[in-house]
Every structure is written in C-alpha cells, then in structure tokens.
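The chain that follows stands alone, in the form predicted alone, written as structure tokens.
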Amino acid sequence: MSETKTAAMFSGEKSNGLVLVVDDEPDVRKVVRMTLEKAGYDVIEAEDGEKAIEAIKKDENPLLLDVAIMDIRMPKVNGVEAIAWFQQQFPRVPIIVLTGFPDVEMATSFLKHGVVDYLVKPVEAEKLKAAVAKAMEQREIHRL
C-alpha cells in the first residue's frame, strides 16, 4: 500500500477533505495526488481495490474518507468489485470513476447506480478538481 499523506494532515492546516485514489498506474496516482493536494485535499493512494479496502479497514475505526476515485481495470480486486464494496460498506462516500477505457454503457450504468462522475484518462486538472468538488457537495447534502 502506497500511502501518501500531505503536510496539511500534520501541520494543523485545514484540509478540504480526504480523497482515496485507487489506480494500478503509479504515474496516474501521482498526478492525481499532486493536482488534488494543490487544491487543498489530503490524499491517500492504493494500487488496486484490495489495497484500498485494506486501507479503509486498517484500524479499529474505518478511515473517514470524503471521496474515492477508482480506476476500473486493476489486478486483484478490480474497480467494479471495489465500487460495489464501497457502496455497500460506506454508502455516503461519493465515488468517481477514472478510467483509460471509455465505455458509454458502463458509464451510464455507474452513474445510474450512484457514481458521481465518470472521467476518462488523461483527465484535465480542472475537470478532476470540479468532479471532486461536486462529490464533496453531494457528501455534504447527504449529511443533512
């Protein structure tokens, strides 16, 4: 599990939220992490769905995520399986799909089943930040 925590988590600075980035490509995780950290989010990473689930269940208290960003095609536990697990275990955590393989039917199905956004790699920084902001807004609405 590659776990990267930002300085904000330790410095007392206010974070915009905690985002889990799940992708089997280290370069993709790095770009997404750097983009979101610049926007004020704390970011943790996992290289597949299995590692993502482990990260959440690591301690007695599950990690309090604000948003999860998932790739679809990954080894071990793929994105479809991980999304199903997250939606069952943590239904209030908004999920964004980030994939290199656009599929209109899959995108439509995910969006019908509660995924907040379906992004295709390579994604523009502004589009990624907008999707995360939208997911954060949805999370706030669900808290009310």
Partner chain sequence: MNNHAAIRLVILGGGKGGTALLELFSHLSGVTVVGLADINPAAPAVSYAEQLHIPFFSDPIEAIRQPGIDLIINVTNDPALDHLIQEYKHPETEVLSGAASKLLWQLVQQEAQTQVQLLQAEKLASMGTFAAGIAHDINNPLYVIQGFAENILEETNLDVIHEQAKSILDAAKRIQAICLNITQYARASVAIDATPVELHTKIEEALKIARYATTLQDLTIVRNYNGPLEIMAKPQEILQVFVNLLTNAIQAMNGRGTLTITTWKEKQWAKVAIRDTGCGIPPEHLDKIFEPFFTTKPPGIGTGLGLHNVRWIVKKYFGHITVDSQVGKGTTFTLEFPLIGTH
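Positions refer to the first chain, counted from 1. Values in this document were obtained by computation on a predicted structure and should not be read as measured data.
Just so you know, the form predicted in complex with the partner chain exists too; it's not on screen, but the next bit is about it.
- In the model of the complex, the partner chain sits within 4.5 Å of a heavy atom belonging to Lys38.
- In the model of the complex, Lys30 approaches the partner chain with a heavy atom inside 4.5 Å.
- The closest non-hydrogen atom of Met34 lies within 4.5 Å of the partner chain in the model of the complex.
- Although the partner is absent from this view, Val120 contacts the partner chain in the model of the complex, with a non-hydrogen atom inside 4.5 angstroms.
- Contacts of stretch 96-112 with the partner chain in the model of the complex, defined by any heavy atom lying within 4.5 Å, are made by Leu98, Thr99, Gly100, Phe101, Pro102, Met106, listed in sequence order.
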